[in-house]
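What follows is a single chain, given as structure tokens, in the form predicted on its own.
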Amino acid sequence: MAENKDAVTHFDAIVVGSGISGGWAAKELCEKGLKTLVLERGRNVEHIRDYPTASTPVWDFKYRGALPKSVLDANPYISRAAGYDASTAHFFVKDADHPYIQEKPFEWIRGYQVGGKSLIWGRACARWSAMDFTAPHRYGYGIEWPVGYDDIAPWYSHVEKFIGVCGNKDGIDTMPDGEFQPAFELNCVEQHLKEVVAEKFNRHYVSGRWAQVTQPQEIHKEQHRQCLSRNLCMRGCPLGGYFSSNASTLPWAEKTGNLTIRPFSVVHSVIYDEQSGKAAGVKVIDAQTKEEIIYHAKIIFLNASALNTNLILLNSVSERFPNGLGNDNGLLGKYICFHNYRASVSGEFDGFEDKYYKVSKPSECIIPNFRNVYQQDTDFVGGYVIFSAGYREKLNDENVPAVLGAAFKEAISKPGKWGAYMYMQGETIPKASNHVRLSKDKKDEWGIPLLITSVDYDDNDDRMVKDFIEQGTAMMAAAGAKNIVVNDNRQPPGLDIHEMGGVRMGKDPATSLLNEWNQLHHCKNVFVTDGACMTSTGNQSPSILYMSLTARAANYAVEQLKKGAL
């Protein structure tokens, strides 16, 4: 991809961050003819070339993919992230390299490279329902969103068609249908769970909507992408089977000739011009040389990931905005929220021993939210979805001979028992007490104040966990599961990798930072479309909503720029 050598410092647009939302901003802006600079604080990662473990067999890793104790001890936070092992560690930051201050336990998972966490995301892509947008205001635990499902639905379609999302049209109110490619089939235990959950609980158990190209359309053939169910996604896929910025949006943007990417670019702040009342550009610290560079642009998209976007805006001080860019109401950095992943239920299933599966599919099943949909029907607010899968153990360790030989080989060639699991993804309440702020006396190696995180669970989260455990256990038991194991791991926030808020959208500038087009209320040429913009968390995975909001905002920004309104 084209890298900037600093010969040019003036652009039509600057995008801060190259992950899921930043890649989409770059694609949309470049397609509309804007000369666009993408600033990435980490190293460059080229599609295919920079996936060193993409096809490495597990037996070729020193510890079969596990990491030595020395690495785990040196990285107590990042090593707890989903998918972190010897095959993917190069896409995660090291704890010591990027410090922050935890006022309350918060394990911040980051991936600093071109492509960001789009290389290592979970890929679930269900749409929010109309109720998800309205529930916080209806039930009194949040402010009103300035947009609704009907505003975003065309942009969901726009994104789904381009990235490739597999799924079935299931006709579920709480999980609207989209533009889908063929879904992954349910295996025999999943099909059994589907039938039991429908018959005994009147709930849906369906194939998940996942960002996998299962049946390439022309647009995906142009991107050279197809999923072959290798299920090695987080290593980087040389086939482009799953959506990432590296495999999809950034190469597409580069084809226009309008894209410039500058890696190793730590954004210090957005520069505000007092005379024009607009942002003039951004200040960058070169990650390697520590050189300070100013880049100018007509519009700026902040997509640095939720907490880094908060950090940049809080650090963007001026005479007009002494407390951070756009922060007239003092709410910047507040109402941080996340998804509650604490609890899981698993069990074993007898029978089905004559059945197996041909491929290791890279998706899970989902039970869409069934709580507090049309009215509050529990002792907590918000809802949760359940991700689930059935599997067969690879090794049958029963009646295995103690002596090596033909009998031993024969015994271990037979698969083990069937099992299944369920885990929750729960909505959390946006609260002013959950916040981030800048340290007044500690800075990183680039001279930028360290971020202080002060984020925690509350009683509502505990009640939701209790309900999920009761309902998950009941569904597993009704399906005949044995040896059911229940776990509330009480993991700190952050490990969900779904931090949101701090620069929330809203109708009223007194209670929000962004309008319905993701513009700062008080600095109209700055747009925030990553997780920082979220008014509430909903219960579905948020990435496809970020992408849709980004595409919508980018097209609006270009229209406004052409009209001379920015």
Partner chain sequence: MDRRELIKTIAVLTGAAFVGGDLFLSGCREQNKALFSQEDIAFFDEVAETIIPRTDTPGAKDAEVGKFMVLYASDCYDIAQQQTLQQGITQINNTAKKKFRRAFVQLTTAQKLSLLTDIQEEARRQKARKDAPVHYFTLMKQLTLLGFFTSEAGATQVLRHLPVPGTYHGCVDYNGETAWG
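Keep in mind the model is a prediction, meaning the values are calculated, not measured. Residue numbers count along the first chain shown, from 1.
Below: the form predicted in complex with its partner chain, not depicted.
Participant: Do Met131 and its partner chain come within 4.5 Å of each other in the predicted complex, heavy atoms counted?
Facilitator: Residue-level check for Met131: no, no contact with its partner chain.
Participant: Please tell me whether any heavy atom belonging to Ala66 falls inside 4.5 Å of a heavy atom of its partner chain, as the geometry stands in the predicted complex.
Facilitator: So Ala66 counts as contacting its partner chain.
Participant: Given that the partner is absent here, does Ser157 sit within 4.5 Å of its partner chain in the predicted complex, heavy atoms only?
Facilitator: So Ser157 does not count as contacting its partner chain.
Participant: Wondering, does Pro415 line up within 4.5 Å of its partner chain in the predicted complex on heavy atoms?
Facilitator: Contact check for Pro415: yes, within 4.5 Å of its partner chain in the predicted complex.
Participant: Check for me whether its partner chain, as it appears in the predicted complex, comes within 4.5 angstroms of all of Leu72, Glu353 and Leu404 - heavy atoms only.
Facilitator: Yes, the whole candidate spot contacts its partner chain.
Participant: Using a 4.5 Å heavy atom cut-off, indicate which stretch of 420-428, 287-295, 469-477, 266-274 touches its partner chain in the predicted complex.
Facilitator: That would be 420-428.
Participant: Could you work out which of Gln376, Asn329, Gln215, Gln491 is the residue within 4.5 angstroms of its partner chain in the predicted complex, going by heavy atoms?
Facilitator: It is Gln491 that has a heavy atom within 4.5 Å of the partner.
Participant: Considering its partner chain in the predicted complex, which of Ser79, Thr260, Thr174, Asn460 comes within 4.5 Å of it through any heavy atom?
Facilitator: The option sitting close enough to the partner is Ser79.
Participant: Does any residue in 185-217 get within 4.5 Å of its partner chain in the predicted complex, counting heavy atoms only, and if so which ones?
Facilitator: Stretch hits, in order: Glu185, Leu186, Asn187, Cys188.
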